[in-house]
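In the structure tokens that follow, the same protein chain appears in two forms, which are kept apart as structure 1 and structure 2.
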Structure 1
Amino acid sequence: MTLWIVLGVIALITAALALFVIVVYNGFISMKNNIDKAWSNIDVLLKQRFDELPKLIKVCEGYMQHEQRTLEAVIKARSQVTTAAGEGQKIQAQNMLTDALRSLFMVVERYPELKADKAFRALQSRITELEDQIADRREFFNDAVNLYNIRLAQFPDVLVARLFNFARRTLWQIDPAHRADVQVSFQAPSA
């Protein structure tokens, strides 16, 4: 009789342990898929921005013949986006593209006729709107990655994570240069 009780207790403990592993594993799978979904949502917007850039470059080329380096930087950054492999490289390439676009929009300030161009204004507005949406999606992505990484490190979930080789994910990080204060000058440029 005591053998049946011992076997029953062992079976109960085994079932509870198996249930625990299943629940934690399914939680990690859900979080991992949420991260992938968040990345995919960013990717949709990045693709839209990527598709709009040739139109913007074409409009700018006619006006900005002396600013070829700026246009080439946008084109080069766009091409690096297509060749980036892995999450880290993709993030780095997208950050380069964001930098190149900022530079382009700063240079545009020197071309009043370009700023007045209807096609340019529409494209600039569209890309600015996309940039805002991308920033929002990056925040959602980082929230999902952060929750996942925290749970990977928490006990007892860490035991299941190691058992099934769940790995940390990388947060979307900006270039450290973007953290520097922007220098604003209200003086007219000297001639």
Structure 2
Amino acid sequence: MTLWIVLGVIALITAALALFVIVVYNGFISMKNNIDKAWSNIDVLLKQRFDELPKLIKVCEGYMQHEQRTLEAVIKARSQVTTAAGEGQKIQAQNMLTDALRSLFMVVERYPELKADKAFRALQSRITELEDQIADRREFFNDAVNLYNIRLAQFPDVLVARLFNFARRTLWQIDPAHRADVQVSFQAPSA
């Protein structure tokens, strides 16, 4: 009888372990899909920003006739987003677009009439809002990836991960140029 009880307990523990493996496996699958979703959710906002740009450029053109280069840079960056192939190129194109927009908003300081334009202000605030949201979602993406990578390395999840070949995911990284120190000069420009 004791043997049967021992066998029964072993069977129960095995069943519990099997269920545990199922829970862990499903957790990994869920996390992997959440990471993909988080990435796609960034794209949703990037698309929204992309769609807002023609309107912004249209409003700016009327006032900024002497800043064609800045506007062209935004247009060019936008077109590069559409032509970019592969994840790396897309990230680079989006970063270029962010830079171009930043330059545009800096140049706008020289045009008080444009700054006062209601439509421009609304679009600027909308794009700034989108930029904040994009930054938040990138952080969220990194959080999701980080949680997944931690789970992959933790015991006992690591056993399940190795059994089913779950691989590490890469965090979103910024353009190395953005890590460089900002050079600030207080010297007056030479005439």
Partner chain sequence: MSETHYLLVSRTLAETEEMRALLPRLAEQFRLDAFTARQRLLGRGTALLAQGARKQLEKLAALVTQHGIAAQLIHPTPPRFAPTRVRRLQIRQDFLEFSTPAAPLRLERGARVLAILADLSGQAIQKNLRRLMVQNTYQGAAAVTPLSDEELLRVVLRAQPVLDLYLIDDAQGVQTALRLMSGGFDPSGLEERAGPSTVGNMEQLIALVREYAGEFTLHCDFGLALLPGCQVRKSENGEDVHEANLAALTRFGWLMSDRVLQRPMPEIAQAHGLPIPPGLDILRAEIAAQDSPVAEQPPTGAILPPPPAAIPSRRRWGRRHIFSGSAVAGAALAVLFSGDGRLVHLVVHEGMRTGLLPAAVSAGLFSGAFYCLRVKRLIENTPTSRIRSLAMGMVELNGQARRKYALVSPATQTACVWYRLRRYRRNEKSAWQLTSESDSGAVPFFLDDGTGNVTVDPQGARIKPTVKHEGFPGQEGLLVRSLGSGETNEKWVEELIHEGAYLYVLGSARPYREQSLSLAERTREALRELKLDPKALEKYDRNGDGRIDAEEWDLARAAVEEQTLREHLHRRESAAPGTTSVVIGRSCSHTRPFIIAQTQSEAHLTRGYAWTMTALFAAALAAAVWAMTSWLG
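Numbering for residues begins at 1 and runs along the sequence of structure 1. In this text, the rigid core denotes the largest set of C-alpha atoms whose superposition between the two forms falls within 1.5 Å. These figures come from a predicted structure and were not determined experimentally.
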Fill in the blank from the handout: Matching the form predicted in complex with the partner chain against both blocks gives structure 2
Practice task
For Pro156, state whether the C-alpha moves by 2 Å or more between the two structures after rigid core superposition.
Solution key: yes
Exercise for the section: Look at Asn33 and decide if its Cα position differs by 2 Å or more between the two structures after superposing on the rigid core. Expected result: yes
Fill in the blank from the handout: Per C-alpha superposition, the smaller rigid part rotates against the larger one between the two structures by an angle in degrees of 21
Problem - between the two structures, C-alpha offset at Leu7 (rigid core aligned, Å) - result: 16.6
